[in-house]
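Next up: a single chain in structure tokens, the form predicted alone.
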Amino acid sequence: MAWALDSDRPIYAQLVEKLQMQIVSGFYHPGDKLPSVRELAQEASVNPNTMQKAFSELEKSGLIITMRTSGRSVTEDVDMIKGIQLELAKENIKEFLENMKQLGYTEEEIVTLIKEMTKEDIKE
């Protein structure tokens, strides 16, 4: 199944984000071998060169490691993965807060609404 990608942002950047999310969420664990560029490109319905560019970015960040004879794998540096997870969480929260403020909510109203929604989730 093709990955949901937007046409308004560079595809490779979206692939980087998707792969980061898969790693920090535990879909791929520290030390796991990743599928080949061609396999992931086919899964995402993108050109292999675009997937290769995404892999290169992830290698630069240290999140994935290339082993010459055995392909690529996720770093075993759990602290790095946790750090990226925290950064992604902060980005999501910042975007959420900006959207809520555009809707006219104050910080206090946002916190109250989150508490109410959390209580509803617990009941379900």
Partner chain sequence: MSSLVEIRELTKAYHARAVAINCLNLNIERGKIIGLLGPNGSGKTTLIKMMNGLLTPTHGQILINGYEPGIQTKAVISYLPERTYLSNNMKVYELVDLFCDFYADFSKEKAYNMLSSLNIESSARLKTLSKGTKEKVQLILVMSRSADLYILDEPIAGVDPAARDYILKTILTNYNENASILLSTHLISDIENILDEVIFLRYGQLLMHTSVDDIRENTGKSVDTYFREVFAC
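Computed from a predicted structure; not experimentally measured. Positions refer to the first chain, counted from 1.
Absent from the display: the form predicted in complex with the partner chain. The rest refers to it.
Of the candidates 34, 41, 81, 58, 41 is the one whose heavy atoms come within 4.5 Å of the partner chain in the predicted bound form; the others do not. Look at 25-33, 69-77, 85-93, 44-52: in the predicted bound form, residues with non-hydrogen atoms within 4.5 angstroms of the partner chain sit in 44-52. Contact annotation: residue 7 falls within 4.5 Å of the partner chain in the predicted bound form, judged by heavy atom distances. For residue 16, no non-hydrogen atom is located within 4.5 Å of the partner chain in the predicted bound form, even though that partner is not displayed.
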